[in-house]
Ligand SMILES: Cc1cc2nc3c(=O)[nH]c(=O)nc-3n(C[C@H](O)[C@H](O)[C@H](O)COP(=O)(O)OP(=O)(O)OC[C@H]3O[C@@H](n4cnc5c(N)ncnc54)[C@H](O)[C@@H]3O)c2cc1C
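Consider the single chain below, provided in structure tokens and representing the form predicted on its own.
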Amino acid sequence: MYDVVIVGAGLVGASLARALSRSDLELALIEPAPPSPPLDDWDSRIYALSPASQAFLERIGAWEAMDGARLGPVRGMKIAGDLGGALGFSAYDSGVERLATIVESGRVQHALWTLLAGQGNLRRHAPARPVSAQFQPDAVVLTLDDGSALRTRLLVGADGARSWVRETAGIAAKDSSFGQLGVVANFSCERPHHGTAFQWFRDDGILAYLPLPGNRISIVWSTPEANARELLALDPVAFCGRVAAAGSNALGALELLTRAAAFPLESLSTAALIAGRVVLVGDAAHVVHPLAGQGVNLGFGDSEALAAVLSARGPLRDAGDALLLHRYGRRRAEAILAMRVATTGLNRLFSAQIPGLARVRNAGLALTERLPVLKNLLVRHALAN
């Protein structure tokens, strides 16, 4: 009998397993495709980790397991509206070392996966997939594709937006498309970025430059599907010119380091985070628009909160106890709702083609820029999540 079985060893599932591996719980982790060692090339899947997520990774030993030369500190941020409104944030003005850190997905996942090797209370099943589940009053019995059966007091779904665990447990989910693609690529840039992230709210979507170490950046261009397809069809020189021009040539000429790719932008919300002895974390529980880069930070917040609740349960308490799990649900409800409202609201505000609205939203940026107290409140909220 396991105390906790986690399905999915992406960033969120692996971080939860690592956090719980220091407890007295008996654990199993199921992953269909264990990560390969990262290559020297720059990963086009990057994340802006908040200081709160960094602190969590430090506590579980993952931060120091990564190559510091591949981490990009964000020390400032410049936001531009579509009619000239502007807003800037500075780590120095906010009294912090950095606003965020840019990391490569593959390197974080590899560091976490490596740390899980040899943990005495954790068994990794990889590659493996669950094929059926029986929900009993005192346990969940999970059958894997190799025919083995795992009996656990708590089943955790960390298996992404198309979660098998969520569907099998009967937790309703509502998903919707923004009608956009996120175009991603990495570049070397002519001028140094000085650790500054840039974001432009444009008629054709939202373009973000995220600073990588050295004179390199990663971009995410959230744009209508037609424009995204047009961008992907450009040759490398034309694509670089288009991205540089869209970013007001802020960093001079760009040179492509990784081939451009795109992914659909969707949102997902669930009716509940918990159903009986099943609990959801990460994208299995919520997907938000990437314009603020907060999706993975929400997921790490889930892992940290669930690990804290389970580790403090007491030696005799069932890990699947309903009151225990609802404590986790209460801890996460406010953060998830606040991020969903903020990201969806900003996307609608800057994509809506309503007469006069452009002037209002740009005036809002300019007003916030002139109110240091409000700016600092926004920064402090972002740093804590």
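Heads up: residue numbers just count along the shown sequence, starting at 1. For clarity, every value in this text was computed on a predicted model and none was experimentally measured.
Although it is not shown, the form predicted in complex with the ligand is what the next lines describe.
*Asks:* Judged by heavy atoms and a 4.5 Å cut-off, are 21, 135 and 309 together in contact with the ligand in the model of the complex?
*Replies:* None of them does, since no heavy atom lies within 4.5 Å of the partner.
*Asks:* Okay, which stretch from 190-198, 116-124, 258-266, 230-238 lines the ligand in the model of the complex, with non-hydrogen atoms inside 4.5 Å?
*Replies:* One stretch meets the cut-off, namely 258-266.
*Asks:* State the residue from 184, 77, 275, 212 whose non-hydrogen atoms include one within 4.5 Å of the ligand in the model of the complex.
*Replies:* Flagged contact: 184.
*Asks:* Work out which of 247, 295, 72, 106 lies within 4.5 Å of the ligand in the model of the complex, going by heavy atoms.
*Replies:* Contact check passes for 295.
*Asks:* Is residue 7 close to the ligand in the model of the complex, meaning a heavy atom pair under 4.5 Å apart or at it?
*Replies:* Heavy-atom contact with the ligand at 4.5 Å: present for residue 7.
*Asks:* Whether residue 282 contacts the ligand in the model of the complex should be assessed with a 4.5 Å heavy atom distance threshold; does it?
*Replies:* Yes, contact at 4.5 Å.
*Asks:* Answer with yes or no whether residue 31 is in contact with the ligand in the model of the complex, where contact means some heavy atom within 4.5 Å.
*Replies:* Residue 31: contacts the ligand in the model of the complex.
*Asks:* Given that the ligand is not shown alongside this chain, does residue 242 nevertheless sit within 4.5 Å of it in the model of the complex, heavy atom to heavy atom?
*Replies:* It does not: once the ligand is placed as it appears in the model of the complex, residue 242 has no heavy atom within 4.5 Å of it.
*Asks:* Which residues from 143-164 come close to the ligand in the model of the complex, meaning a heavy atom within 4.5 Å?
*Replies:* Result: 158, 159, 160, 164.
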